[in-house]
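A lone chain, given as structure tokens: the form predicted on its own.
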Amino acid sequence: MSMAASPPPKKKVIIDTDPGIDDAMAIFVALRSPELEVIGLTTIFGNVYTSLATRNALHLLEAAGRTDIPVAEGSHVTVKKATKLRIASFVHGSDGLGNQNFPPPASKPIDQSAAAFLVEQANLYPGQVTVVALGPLTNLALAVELDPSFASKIGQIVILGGAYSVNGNVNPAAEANIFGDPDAADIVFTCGADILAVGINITHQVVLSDIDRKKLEQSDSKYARYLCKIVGLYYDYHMDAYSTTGVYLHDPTTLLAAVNPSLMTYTEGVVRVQTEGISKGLTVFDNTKKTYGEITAWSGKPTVKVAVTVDAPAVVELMMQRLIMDD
């Protein structure tokens, strides 16, 4: 009698997040993914200020019935101690969740900071924790500074960040998450961890259409019903900004890269981030094919993987399946 193969162990995941409508989608997809064990959420400024990101993270876990998952509040300022100037309330609403003004969550964040929580989990489960970073990279840069061994102990960091060979979405040079804390991004990209970066050159190919939205509206799943409440504003923004009738799935696409990396193809090289001037937040990719004559700020830096193609229909289908699945 043959023994049934036991299922592979679940991947332990921490989602570093600034919820955000597409963050809400990504968090729900993660909770509905049998491959993943979500061991915590850490919060960061981006779509909203950090304190509201924490409130929204707690609220989303309550909505999903998963208040067992800890939330650690992240930094309120950049690694250089600058305060957040640009908040994307025009994209996600002043509450970050489509101006639904949900009641405050009953649960509270844990006492640990996001950086301390990240370091603790990497030390508890060396090589086993994947961080899916959906906002600016401040908490991860602080974790690298807090514990120099963090980069070697964390399993993988999957980053939503950068614009590789395309214009940014904050300005022609910069994508929003990198622009939010360019110094932190440069620290993380060069720290030597196993990094997979998914830029807007990828996520702008993955669109939730009006037809998909109607399918969500017809579903009885509590996740689909919740998301239908909050996505209206996001659709309006995309029509105004891009003249498109769908929405870009930045965060869910990045989350699904952690679930199934074969949904994308990748190239490998060094990424540095421009930290000042007119192109502040620009991600520059060096394919490392050429040996340059002199020692520069690029020399000897660790390589990272950057996504170059995506099976967009497969990403959308997988996301839809997970959100519509019966509770």
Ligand SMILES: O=c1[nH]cnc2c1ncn2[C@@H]1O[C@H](CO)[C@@H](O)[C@H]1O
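This structure is a prediction, so every number in the text was calculated from the model and none was measured. Numbering starts at 1 and follows the sequence shown.
There is also a form predicted in complex with this ligand; it is not shown, and the following applies to it.
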217 to 225, 250 to 258, 106 to 114, 142 to 150: which one contacts this ligand in the predicted bound form at 4.5 Å, heavy atom to heavy atom? 250 to 258
Even though this ligand is not shown here, does it sit in the predicted bound form so that N47, A88 and A176 each have a heavy atom within 4.5 Å? yes
Even though the partner isn't displayed, in the predicted bound form is L160 close enough to this ligand, meaning a heavy atom within 4.5 Å? yes
Within 4.5 Å, heavy atoms only: does Y234 come near this ligand in the predicted bound form? yes
When the contact criterion is heavy atoms within 4.5 Å, does D16 count as touching this ligand in the predicted bound form? no
In the predicted bound form, does F102 have a heavy atom within 4.5 Å of this ligand? no
Using a 4.5 Å heavy atom cut-off, which residue among T130, N169, S75, T190 comes into contact with this ligand in the predicted bound form? N169
This ligand isn't shown here, but in the predicted bound form which of L196, I200, A122, V79 has a heavy atom within 4.5 Å of it? I200
